[in-house]
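Let's start with one chain on its own, the form predicted alone, as structure tokens.
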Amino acid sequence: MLRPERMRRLLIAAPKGEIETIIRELYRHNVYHIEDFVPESSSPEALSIGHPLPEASDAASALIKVRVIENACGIDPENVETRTKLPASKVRAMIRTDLPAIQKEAEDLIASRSRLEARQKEHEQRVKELEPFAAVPLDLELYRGYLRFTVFTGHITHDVVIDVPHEKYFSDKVDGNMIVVMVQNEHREQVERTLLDAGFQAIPVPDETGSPDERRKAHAEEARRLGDEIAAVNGKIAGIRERHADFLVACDELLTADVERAEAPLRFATTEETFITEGWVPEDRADRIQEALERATNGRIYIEKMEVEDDTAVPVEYQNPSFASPTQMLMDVYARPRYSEIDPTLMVAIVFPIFFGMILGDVGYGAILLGLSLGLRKFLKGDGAKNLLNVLGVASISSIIFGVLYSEFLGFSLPWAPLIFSRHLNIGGHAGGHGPQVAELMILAIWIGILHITLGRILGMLNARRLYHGRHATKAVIANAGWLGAMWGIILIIWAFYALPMMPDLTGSAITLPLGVVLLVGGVIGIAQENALEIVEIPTIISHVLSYARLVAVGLSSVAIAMVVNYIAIGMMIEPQLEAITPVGVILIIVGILVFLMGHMLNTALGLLGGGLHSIRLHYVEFFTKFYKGGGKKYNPFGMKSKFTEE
């Protein structure tokens, strides 16, 4: 908690004869993060990269076939729910007996669908080509075969007058208009200039005979018939998905594991007789892994536990309570913590929902978002989506709690007075309610900003001791203390001159102003001793604290929108019509209901975006920049958690 899981670096060396045993054991434990071997070609005794195991090619080939079928049938293993785990031995047997038949059936259907789709596109293209000619009462064979005449066919911006003997058809019933002109060959150039001046664009005559309109209908009917056949083929492909989805995802999982194991030597260093691999395991699992490997190889292995020399090379695995785990997704969006620094995931997991609730504190909106987070679980199956929905669920509960405290439900007042501060605005003809407490809310937001940033600077001092060494660490600690002193110096100076609500009244204190000046000057010196250019950033102390006012401003805008929607829908449309029901009044009532629903739907979406983005922005920009470096490498253990198969 507050720091990533402790890791231990292992160096493993063994004879090549034990490589399959060791790979199988490492894969089974699923905790060993392999450091890929990079050969040094300049060394005459350089180690070389290993070769894949013999079964790698067959496993990769089978895996490709399975994934082709999955792709054709629209099967995504991430979105397939586990019903029953299949025994690995049974899956391997079915790969030999059943998979070829499934593959042939799927390939035949895919090929058939491709042919049908190609023919359908061809007929659809013919329909488009015949569309302009359908407006002209001429059979297609009459457009060609003349020796003494030239036929112009194409689109044109407007009808034109032709000054030579001719036959002409013009139609403005098709897109781009359609013109057909037939003239003697000696007038061809003159007519062509006339047409081009009017924006003429020639189109070829389809190579068919008969009425264009009848041919167009025939092609359209054929395209529709082919569409029906494609739908039937898709139905058969869907049948494969229904019958074999469990088997295919189990094959995918099993063969993926086979390929990963078989190709693992490509990540090892080898000599003629031995191989070497380096990697990371969680510190509390290192002894267990060592014992397992020694037991599996009967001691024909050398394992050395190595010290961590460079924390940037250590893979990082989070170590947080289960309720904070979904928030790790928000951390990865920014950057995974480095191995040595403080992991702020737990703090974000606590503070983010609070900020969200402060902004969108409404029982109605919170309930809608909570229902959304629960309902979408049926459709979004991936781990990332589940984490996002879990974060949304917690934030929605916080929104409901703050809605109770604010006494808000879709912009209306609840039967009780606000338990903390009121955000109700005086909107509408009969506005009343609790009345807004904007000044108090703003001061509260400023207090939150001061405390949040203070925490960030304290964490910055702690992180500096962990990330840096010697003089660099001392300078970084002093700089963070300087930023903290400058901020509190400014605050004390303000308190010395002004008595602000919900803040200490120090206007009569003789030491407040001198103390504030000392902290400010000392802070500036502390900042400058690390980097003098940082002094120009001192005004950001004020801007970063005031940035927390968005917790109130964005929330008030949401309240205002909700109350305006209520006033328009209910106060202006529904209530006046209820006094004397008329046919027009019924329509207005229905319109008012639609305005109410759509308005609050839109405000819910805006609240979700505003509450989420501004809450995470305060963490990413105002909080993390005080202490957080990030850039840690993700811990990716060699192995797999079986989802569809079991040994």
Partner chain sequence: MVDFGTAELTLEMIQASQLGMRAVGAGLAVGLTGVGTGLAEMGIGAAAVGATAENRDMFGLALLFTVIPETIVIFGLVVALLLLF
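Positions refer to the first chain, counted from 1. Only a predicted model underlies this, so the values are computations on that prediction, with no experimental measurement involved.
Keep in mind the form predicted in complex with its partner chain is missing from the figure; the text below concerns it.
- Contact check for R617: a heavy atom falls within 4.5 Å of its partner chain in the predicted bound form.
- Although the partner is absent here, S547 is a contact residue: one of its heavy atoms lies within 4.5 angstroms of its partner chain in the predicted bound form.
- In the predicted bound form, its partner chain sits within 4.5 Å of a heavy atom belonging to V554.
- For V183, no non-hydrogen atom is located within 4.5 Å of its partner chain in the predicted bound form, even though that partner is not displayed.
- Only one of 438 to 446, 183 to 191, 243 to 251, 69 to 77 lies within 4.5 Å of its partner chain in the predicted bound form by heavy atoms, and it is 438 to 446.
- Residue L613 is the only one of V595, L47, I34, L613 with a heavy atom lying within 4.5 Å of its partner chain in the predicted bound form.
- Out of the listed residues Y169, Y334, F412, F149, Y334 is the one that sits within 4.5 Å of its partner chain in the predicted bound form by at least one heavy atom.
- Using a 4.5 Å cut-off to its partner chain in the predicted bound form, not one of A56, T82 and L266 places a heavy atom inside that distance.
- In the predicted bound form, not one residue of 141 to 170 has a heavy atom within 4.5 Å of its partner chain.
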